[in-house]
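Have a look below at one chain only, the form predicted alone, in structure tokens format.
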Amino acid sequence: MKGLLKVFEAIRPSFEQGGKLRVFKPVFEALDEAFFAPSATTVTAPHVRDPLDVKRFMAMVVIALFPCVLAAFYFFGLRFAVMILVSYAAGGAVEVVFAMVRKENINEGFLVTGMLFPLILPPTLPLWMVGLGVAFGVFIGKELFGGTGRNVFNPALVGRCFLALAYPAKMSASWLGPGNGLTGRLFEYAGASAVDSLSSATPLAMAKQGQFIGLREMFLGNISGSAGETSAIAIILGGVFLLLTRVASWRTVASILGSFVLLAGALHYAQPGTFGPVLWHLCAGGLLFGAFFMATDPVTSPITNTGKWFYGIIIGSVTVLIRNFTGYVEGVTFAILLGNIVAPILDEIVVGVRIRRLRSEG
């Protein structure tokens, strides 16, 4: 690493103001940060440093996604790796262009978005749609708001919502049943004929017709669905890691799952023949993945603890209503985007109430 550091220091002037490669300074700074992680300290006391900076925060999320990524490789094959590459290439290109235009460093946030996006897509979605969706999500959902830390909506969900509305046929017909055998799963889906012959409906789509897949299959992930949302056990493993490292807020997760369980349970108790069991609905679709990995995004979720509770209640309740009373088989994406809209309002209400209370007590 010392030799590589000397190389970086030698070529650094070329990327500074007046250098021949100054337009690529954001790329150079991103590589410099990734390899060497230079520490920044204050000039005078107090010297306060949080060990969980942005880079470490994003690294924790990427680590937590590993179980879901491995499950996607196992069940849906090597093509999922190509989807990740396309996602990073297309979305990363948008990030680099905006960083150069604004003359800012490339933020680590896209390391998470680029991996999250393929995980919430059907595993046989055309690659050009993967690239288009992630580019749209980063551009509209993030960069137009000013970049990382300023966006109102989760970029990955914006991209998925765009694809669902613009190409509903492709998004609803690209589901794939898991393969048979590990070696087969790695290579059998390269050809279109293999994919067509193994197409399958998702558990939620089958539930609309009164057919419920067993809990064991959904818990392990041996079902069709989005690449990273099929295996409940993989999602829970990554989610628990996020909670233990305090990267994800337990209040948000608890309020989403709690409100979902209460409302779904009430519906099932009232009409058990129409509405599915609560535990079944918890494992079906993208609820668990959305609760642990999407709704807990610190940028697009409330800052206040009270706001987090109401934010989660809105997401959990809206998900139940969309699943059971609309033509959509899944409602997590729209529910979280709605939660993103009201998050700033919730914080404003909570802070306003606290200020009025303090004034009245004073």
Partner chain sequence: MSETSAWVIFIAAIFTNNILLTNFLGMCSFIACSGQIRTSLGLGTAVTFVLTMTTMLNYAIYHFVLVPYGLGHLQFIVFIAVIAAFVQLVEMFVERFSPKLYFALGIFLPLITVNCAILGASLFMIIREYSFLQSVGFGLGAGIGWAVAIVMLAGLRQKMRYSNIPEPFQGVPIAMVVTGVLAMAFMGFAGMVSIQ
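Residue numbers count along the first chain shown, from 1. For clarity, every value in this text was computed on a predicted model and none was experimentally measured.
This next part talks about the form predicted together with its partner chain, which is not shown.
Checking 234 to 242, 250 to 258, 263 to 271, 156 to 164 against its partner chain in the predicted complex, the stretch whose residues place heavy atoms within 4.5 Å of it is 156 to 164.
Proximity of Gly19 to its partner chain in the predicted complex falls outside the 4.5 Å heavy atom cutoff. Although the partner is absent here, Glu217 lies well away from its partner chain in the predicted complex, with no heavy atom inside 4.5 Å. Using a 4.5 Å cutoff between non-hydrogen atoms, Leu337 counts as a contact of its partner chain in the predicted complex. Although the partner is absent from this view, Ile140 contacts its partner chain in the predicted complex, with a non-hydrogen atom inside 4.5 angstroms. The partner is absent here; in the predicted complex, the one residue of Pro168, Gly146, Pro126, Pro277 having a heavy atom within 4.5 Å of its partner chain is Gly146. Residue in contact with its partner chain in the predicted complex (any heavy atom within 4.5 Å), chosen from Ile322, Ile313, Ala30, Ala59: Ile322. Across the proposed site, Val69, Ala90 and Ala227 without exception lack any heavy atom within 4.5 Å of its partner chain in the predicted complex. Residues of 328 to 346 lying near its partner chain in the predicted complex, listed in sequence order, are Tyr328, Phe334, Leu337, Leu338, Asn340, Ile341, Val342, Pro344, Ile345, the criterion being any heavy atom within 4.5 Å.
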